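Take a look at this single chain, the form predicted on its own, given in structure tokens.
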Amino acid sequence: MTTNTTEKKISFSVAEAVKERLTQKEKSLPSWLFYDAEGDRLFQEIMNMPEYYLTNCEYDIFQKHKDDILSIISADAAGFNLIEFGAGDGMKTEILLKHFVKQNATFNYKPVDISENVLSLLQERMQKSIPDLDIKPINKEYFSALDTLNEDRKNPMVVLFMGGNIGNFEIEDAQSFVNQIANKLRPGDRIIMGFDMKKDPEMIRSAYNDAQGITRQFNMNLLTRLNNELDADFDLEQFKHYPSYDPQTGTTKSFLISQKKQTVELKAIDTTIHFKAWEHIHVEVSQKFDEDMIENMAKEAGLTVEKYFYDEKKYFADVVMRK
């Protein structure tokens, strides 16, 4: 990337989001800004940390319960449509897909993403790994994809939303998201959703504040990204990474705290941001759940919880909900 501001290619979505969020009274940044090339690299390190218990939970669930999962979602019809929101590299889903194909289940797999590149890479990998898989990627926004699928289908729909991604929403937004999915479903359709469960508060805090400081680097990289892409002058030494966990609500939040009164210039978008001493930027929420919260969420959306599939330590649950 060139250092000449006038020659920089600025992502307008980044510029707009940063300007809007940092000029509010309560400063924040969207969590998707974490994932530039360096952010992706650091997140891979986070997933390998001993404190980050989430990595293997869903692998454990799918390996141990793949028979039961197939039994439930194939019980009502001769075949089913398996729709996955945000499949990523599909590593965890592959466990289920291989098993379903091996068991001669009648289904097709339709990963949904707004990134055509992500879907292309996923399809290429799956066709090599599972040659007999019927895969039809859908390059659309989630709810638009469900509308398209509803136009001409006979078999039930099973929507996968895994990895605890529902926890990246504030609780009201999470409910709205589940409601919107449920509104697109027909009676007999299902959702399988991953939930990070409430557990020892110290364990949860450690996952967001590891001893090696990798999570701190991951959060601070947000400011480095703004320095690089928006010609900003954040002094990383003057900001502190601070995670918090509230065991009553189950909400984990991460903040970047300004350690002094200071002014930051974002030259590429002609914006000046003023910080008071100890003022925060809210950068991430990660909601933890218990069964009552999940039951209430399902009920509000007109869904019935059919089954909880837990990992060995009950840190995480993949929950089957039926309309």
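In case it trips you up, residue 1 is the first one in the sequence shown, and so on. Please read all numbers here as calculations on a predicted model, not as lab measurements.
In what follows, reference is made to the form predicted in complex with ligand AVI, a form of this protein that is not presented.
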Although the partner isn't part of this model, could you tell me whether Gly250 comes within 4.5 Å of ligand AVI in the predicted complex, counting any heavy atom of the residue? no
Could you tell me if Leu70 has a non-hydrogen atom within 4.5 Å of ligand AVI in the predicted complex? no
Hey, in the predicted complex, does Thr215 get a heavy atom within 4.5 angstroms of ligand AVI? yes
Report yes if any heavy atom of Ser258 sits within 4.5 Å of a heavy atom of ligand AVI in the predicted complex; otherwise report no. no
Non-hydrogen atoms within 4.5 angstroms of ligand AVI in the predicted complex: do Ile46, Tyr52 and Gly164 all have one? yes
Among 83-91, 98-106, 119-127, 164-172, which stretch has residues whose heavy atoms lie within 4.5 Å of ligand AVI in the predicted complex? 164-172
Could you spot which one of Phe195, Phe177, Tyr245, Tyr208 gets a heavy atom to within 4.5 Å of ligand AVI in the predicted complex? Tyr208
Using a 4.5 Å heavy atom cutoff, which residues in 279-298 contact ligand AVI in the predicted complex? It's fine if the answer is none. Glu284, Ser286
